[in-house]
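Only one chain comes next, encoded as structure tokens, the form predicted on its own.
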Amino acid sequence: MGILTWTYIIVGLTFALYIGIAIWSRAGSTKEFYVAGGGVSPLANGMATAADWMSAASFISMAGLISFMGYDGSVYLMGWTGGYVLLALLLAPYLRKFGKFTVPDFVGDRYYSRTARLVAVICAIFISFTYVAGQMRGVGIVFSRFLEVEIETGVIIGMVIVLFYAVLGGMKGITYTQVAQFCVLIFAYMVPAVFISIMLTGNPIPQLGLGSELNDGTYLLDKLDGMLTELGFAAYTDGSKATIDVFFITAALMVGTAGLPHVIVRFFTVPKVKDARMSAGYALVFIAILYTTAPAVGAFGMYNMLNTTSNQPIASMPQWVGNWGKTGLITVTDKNADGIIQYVKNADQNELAIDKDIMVLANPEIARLPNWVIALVAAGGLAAALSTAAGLLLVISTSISHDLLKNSFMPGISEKSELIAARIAATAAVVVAGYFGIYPPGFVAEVVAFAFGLAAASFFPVIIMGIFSKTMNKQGAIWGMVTGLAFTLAYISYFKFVNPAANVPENWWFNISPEGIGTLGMVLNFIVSFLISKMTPPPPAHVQDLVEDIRIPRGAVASTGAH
């Protein structure tokens, strides 16, 4: 069977599974809609958290970044992995013990301030919309290649699927759908990785295959270093970024991802604090499977791509180049009219342009794996994008219905009306996300860094100090968040949008790129919060007792998530 037929079958079966789960797990109360009733098992929550965490960026883009950036791409691997560890060890158990549905809920109650809650709501909505737009675009790209439809049509299909199970089932439907999506995406990621590792190195374990010898007796990484340097690129195992920039980018990704609201809320769905710790451990194991495989997938993809395209006649280009060329994500231009493709660093001479996002999706085709494997990877990419999109949409709807309506402007709203408001907000959020997926603003890629910077400079300090400092008061928290946000916003906006031509290392403060500036914003947040809190009254006694209580790991009353 052809790729298209296999894709219809495998993607169709997975979508039928997701919809079936959504109908089975329909939410009937706000508690089921927000936190799946609070009764999810640690193992299921670990799988759902892994699927929530591993978005289109992890599944589709990360190996592509490593493939083309080599050593420099490792900042994403280290930052995102470290971010999860930080979240699991430092934040999740304490936030779970606090027992609230959302991060703005925690900020509002811990800092006894409506203003702090509103600032947190704005941050949560902005971060979530930034991410969900990227996920919907990823869905459109997968559909455009594997179902041979327009990207716009692909986005609309994705919107309908997400809308169905996110609005109908809320967190309950999303949780059990994400369990199924984790199984699909991890199987889809590992199968081609194992096949290609065996083909290139004879080793069935991709992580070991990365450091193994090729069939000609040379090591894979040595071979890649030589091939790339011959073409004018930096060696695959060398980096070109300044050490301080690598440190700041990695730190910004770590603390930024540790403050991401859609992952934090997952730890509210288990019955006890102990279960939150266990589910964090399960999720770490599940995430490690993909994250330790990604460097091998990136190296395999780059090696096969160079072997099949560089210095090859255009007339004999492999089928995958033509297939992806239809999507516009690969372009071949014979600039010197010699009929041969020159893939080189020099932009004036380079004749092959490849979108980094397609490397994982195209990898099975480049390696000439069976058509069912190619279709399986498409289903995995869709599972990764849709699982994260659903989690983000829930954060947006919860922030509007629970944090804005219930806790800020309409405290007397009934549970039924709140549930209706949550579903309407989720529907509106899907429509807005779909719009940005169909008509992506030119700066979508840039605002990803913007979102990480904002999360690092705003949420992370306020959460850490809320848990570990009894003396941090509302004045310190608010001014810290505002300072961190304003500084990070100004720095990134200047280099990304106001004066992009100046975005070079010579103009950066202390050699720190806009992608890493969130770390400095976080430091400023901590300093301002500390100074302001010393000049203003301490928190009320009941808040100090609350902080003391949530830091005790045992003896707590099981959190109910009540609001």
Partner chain sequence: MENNKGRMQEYWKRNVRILFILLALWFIVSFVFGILLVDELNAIRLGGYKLGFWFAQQGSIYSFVIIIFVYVWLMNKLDREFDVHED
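Every value quoted in this text rests on a predicted model; they were computed, and no experiment measured them. Residue numbers count along the first chain shown, from 1.
Just so it is clear, the following notes concern the form predicted together with its partner chain, a form of the same protein that is not shown.
Proximity to its partner chain in the model of the complex, defined as a heavy atom within 4.5 Å, singles out one entry of I122, M199, A288, I424, which is A288. G281 is the sole member of G325, G226, P370, G281 with a non-hydrogen atom within 4.5 Å of its partner chain in the model of the complex. In the model of the complex, its partner chain sits beyond 4.5 Å of every heavy atom of Q319.
At a distance threshold of 4.5 angstroms between non-hydrogen atoms, D222 is in contact with its partner chain in the model of the complex.
When contacts are judged by a 4.5 Å heavy atom cut-off, T292 counts as touching its partner chain in the model of the complex. The closest non-hydrogen atom of I66 lies within 4.5 Å of its partner chain in the model of the complex.
Heavy atoms within 4.5 Å of its partner chain in the model of the complex are found in one stretch of 359-367, 379-387, 89-97, 173-181, which is 89-97. Looking at its partner chain in the model of the complex, residues T5, M159 and A375 place no heavy atom within 4.5 Å of it.
In the model of the complex, its partner chain lies within 4.5 angstroms of at least one heavy atom of each of the following residues of 48-86: I66, G70, Y71, G73, S74, L77, M78, T81, G82, Y84, V85, L86, in sequence order.
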